[in-house]
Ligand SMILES: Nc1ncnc2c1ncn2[C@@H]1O[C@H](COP(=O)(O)OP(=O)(O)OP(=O)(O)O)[C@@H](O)[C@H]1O
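Quick setup: one chain, the form predicted on its own, written in structure tokens, and binding and motion questions come after.
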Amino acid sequence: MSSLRAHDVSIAFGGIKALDGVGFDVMPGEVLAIIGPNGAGKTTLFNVVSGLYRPTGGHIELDGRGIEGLPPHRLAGMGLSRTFQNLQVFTEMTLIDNVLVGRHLRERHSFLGDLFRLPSVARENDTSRKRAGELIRRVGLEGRESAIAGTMPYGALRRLEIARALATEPQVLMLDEPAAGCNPFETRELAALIRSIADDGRAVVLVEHDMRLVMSISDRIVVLDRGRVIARGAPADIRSNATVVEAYLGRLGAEEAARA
């Protein structure tokens, strides 16, 4: 069964259709990339699937359950987590405290337990802190748990966002342009991390403009243009698709994709 499935999803703003019958599915252990030119509807699709926008048509399923119209915090609790194109880290907090923010949905202590500082609360806090430390090491930031986020390089902050998203223990991880602003070395590190997350059994949905990254780690690719799907398939199929080259990749993009 697909971890996440969108069928015939549509949304309009002021009479203009931003998405028109878009569909995709992603399986556990798979990286699905969604690509297309600026204005194609990629981030709008992410916003619909992750609960920021309510679709005007279509159906979205997470692990077989309909989720369209549910708010983001409900979806996070159900196993869908995402990052954003713009950094959303707390720059004045430590790395470990940033990751701990993502753990609150998995904590079960009550108001009274917190008020009276019950032993069960202390145990759960210890468990959360241990898990946050594991995730920091998982994304390659070992030894920096106490560093202030605002002092870290940009690429490290991108990985920190992924660690925080993983703290919610998602079945599906949605990444909106995770390599934006990264240098080639940081992008290679990020690519290896994303691929390893899928190899651990999670479904990963990726929006990204860096064609080398997309072609190197994706199992399948969906191409959008003007709110519609114009192609879907394996990286080898997409890089040689004449419609995709004309609408998005162009000659230089196709050459970059071919080198991936």
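These numbers were taken from a predicted model, which means no experiment stands behind them. Residues carry their position along the shown sequence, with the first being 1.
Here the subject shifts to the form predicted together with this ligand, a form of this protein not shown in this document.
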(message) Just checking whether T151 would be counted as a contact of this ligand in the model of the complex - the rule being heavy atoms within 4.5 angstroms.
(response) no
(message) At 4.5 Å between heavy atoms, is Q88 in contact with this ligand in the model of the complex?
(response) no
(message) Within 4.5 Å, heavy atoms only: does E177 come near this ligand in the model of the complex?
(response) yes
(request) Flag T43 as yes or no: does it have a non-hydrogen atom within 4.5 angstroms of any non-hydrogen atom of this ligand in the model of the complex? (result) yes
(message) For the interface check, one of 210 to 218, 187 to 195, 43 to 51, 59 to 67 should have non-hydrogen atoms within 4.5 Å of this ligand in the model of the complex; which one?
(response) 43 to 51
(message) Heavy atom within 4.5 Å of this ligand in the model of the complex: which residues of 5 to 43 meet that condition, in order?
(response) F13, A18, P37, N38, G39, A40, G41, K42, T43
